[in-house]
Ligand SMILES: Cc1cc2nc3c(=O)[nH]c(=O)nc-3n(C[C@H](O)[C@H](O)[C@H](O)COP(=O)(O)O)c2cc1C
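Before any questions on how it binds or moves, here is one chain, the form predicted alone, in structure tokens.
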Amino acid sequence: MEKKRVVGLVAGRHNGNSEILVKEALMACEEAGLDCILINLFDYNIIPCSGCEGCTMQMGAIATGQQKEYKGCIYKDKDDMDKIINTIQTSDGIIIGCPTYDLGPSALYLLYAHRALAYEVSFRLEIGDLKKNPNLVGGLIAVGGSCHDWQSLALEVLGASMFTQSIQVVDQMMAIRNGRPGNVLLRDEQIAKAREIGQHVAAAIDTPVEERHWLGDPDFGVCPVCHSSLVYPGDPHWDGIEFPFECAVCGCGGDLVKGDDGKYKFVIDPEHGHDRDRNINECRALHLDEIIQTRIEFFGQQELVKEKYKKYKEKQFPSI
């Protein structure tokens, strides 16, 4: 029987704090009997997403019967992204380590994450390009030189990028006050937490898909579903659905409820709170419907668009 595999994905320098923590987590996975590989994104060529929308245009065309085969990203054979994604999607788990810049993940990680949109699992399942959900489990590690106040978007953005690949995050950590490479070696509790993340990923891989659940601190974050710390007042969605509050990461809807202890909790609406849950492929695939409807509206008014476009195409400003 082929051994199951965990990928360590690092978006920080070699031998830096992110790589150290991911290696510690992978060692725990290795001890649990899993094969482990490490991908440091600095070693690969990834062309930035051009915003051409070729991927979603094709998916929409297939969904509406105008195209038969999905050919993927326009850069598919021009860089290493296809190789990286195919390796991940044929694995069983992933542990990501990423430094924090300007409150969020590094530009290198975002370069990877935005190109991964062309490989969106729920969309590809919807159009028949992907025959089987890979059902990966994940662990997230955000690393910064300061505390939570200077990493306030790090885990949230990492978490938001997991839905594209249908990865179920079972644990995550924020490694704080690690300003220089190797700084984390002075933080025994952070090394121990990275090891625990590896153990949790290994345990989740060995658990039936329908029984997998969050294995980290139950009180981590605000959202009880994805454990994000970002909840905001809800706005109407494209199809009219609206919640008093919703999670900025997973999209679950509910309300803030004050408990007897005086603390507020984000309570998911028991009837419709998961209607936009990005953890659920079928719910996330509704976004493809939104894209298709928006596109139909746009192409149905091309004469008006062309007329209004003239003002901006003809106007030129000096550059540098």
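In this text, residue numbers run from 1 along the sequence as written. On a predicted model such as this, the values are computed, not experimentally measured, just so you know.
The same protein has a further form, the form predicted in complex with the ligand, not shown here; the description that follows concerns it.
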Next item on the list: Indicate whether N86 is a 4.5 Å heavy atom neighbour of the ligand in the model of the complex.
Entry: no
Note to self: Test of understanding: in the model of the complex, would N178 fall inside 4.5 Å of the ligand by heavy atoms?
What the structure shows: yes
Checklist line | D239 within 4.5 Å of the ligand in the model of the complex, heavy atoms | finding: no
Margin query: Is it the case that K23, even though its partner is missing from this view, gets within 4.5 Å of the ligand in the model of the complex, heavy atoms only?
Written below: no
Check: Which one of these stretches, 92-100, 113-121, 69-77, 214-222, sits within 4.5 Å of the ligand in the model of the complex when only heavy atoms are counted?
Finding: 92-100
Notebook entry, point to check: Looking at Q151, S161, S228, S166, which has any heavy atom no more than 4.5 Å from the ligand in the model of the complex?
Noted result: Q151
Note to self: Where, within 127-158, is there a heavy atom within 4.5 Å of the ligand in the model of the complex? Residue list please.
What the structure shows: V143, G144, G145, S146, W150, Q151
